[in-house]
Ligand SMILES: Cc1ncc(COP(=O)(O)O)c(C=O)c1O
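One chain comes next, on its own, written out as structure tokens in the form predicted on its own.
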């Protein structure tokens, strides 16, 4: 049995039920049919290519699991994160919607890309708040399609991540508060300045655009289904944050596979466990404070309202992961465990894998999560070294 040092806390969602049908309300957030347009569109973008799904056979054997599949998003569009799919796709959709009102017809993505509407697009400005990766995607999308971009970051976002967004031409504004404060500031300033907010979290009065962000993520999920070639995982361990990715994963697989869908295990930092707390209370709960965690992309205290539409019943288990497990798991992947490939994984990429390995090493957690020697575990490696200097410090 392989060991990763770290601790977990667990909550089993009493509202989750494998026999539940995927409702029309949940399908309105995300479903396979709605995802088809996003998949077709994004596959037509310049430099699109499928990212790897690694079979970590040695690690699975050492963990007494049948399979561990690791979806490696470390090189997605050169942005090193799955979020390249969501933010940029939502930028395109918003530009199309605004221009449709002005022009009387809805321009295609190719018209945005070929510059035939560059003067009209240049008058528009998109904006968002970010921990780093979503903002990088929005900034990249703005540069690719030719509009302006203003990004808000909170006090704990690294200088390296700030510079990465500026490299795509974005104006980056740092505030003194936490992530949730930056979301509110971005929204307020956008209303005052006529900017288009392209956020990956939803809140009262802002529910439609995050659906496009989530639809962008489905490109990765469609790739996974193709790469699994008929196999269906028994479990998927997925990082939390505001819940956007987790809800996309849960909803897409629920709609696709019905009662054969995998058990969904959501993993969060101990200091930013808004999803676990919400599951415990049976309603969305805000986690206050600094939300201080090495897992920078998961430092979120407020649940996305749309995500909770799915996760309230589609999230089976909620785990928190201690900080000490993160660098160790990053190093394990960077070195390549025994015969497994070496993988570049950032701080927010590894919680799902770390939690799966730690849980399988415990009879108690294995029983709670239903992990056995026959389990087939899918994890989403959401990012590579999005902060190269920090990655070097942690991995060596």
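Positions refer to the first chain, counted from 1. Quick caveat, the model's predicted, so the values are computed rather than measured.
Separately, the form predicted in complex with the ligand exists; it is not shown, and the next lines address it.
Contact between residue 237 and the ligand in the model of the complex is not found at the 4.5 Å heavy atom cutoff.
By the criterion of a heavy atom within 4.5 Å, residue 245 is counted among the residues contacting the ligand in the model of the complex. Contact check for residue 297: a non-hydrogen atom falls within 4.5 Å of the ligand in the model of the complex. In the model of the complex, residue 329 stays away from the ligand, with no heavy atom inside 4.5 Å. The stretch in contact with the ligand in the model of the complex, judged by heavy atoms within 4.5 Å, is 79 to 87, chosen from 170 to 178, 79 to 87, 222 to 230, 121 to 129.
Taking a 4.5 Å heavy atom cutoff to the ligand in the model of the complex, the contact residue among 315, 251, 216, 241 is 241. Contacts between 350 to 387 and the ligand, taken as any heavy atom within 4.5 Å in the model of the complex, involve 382, 383.
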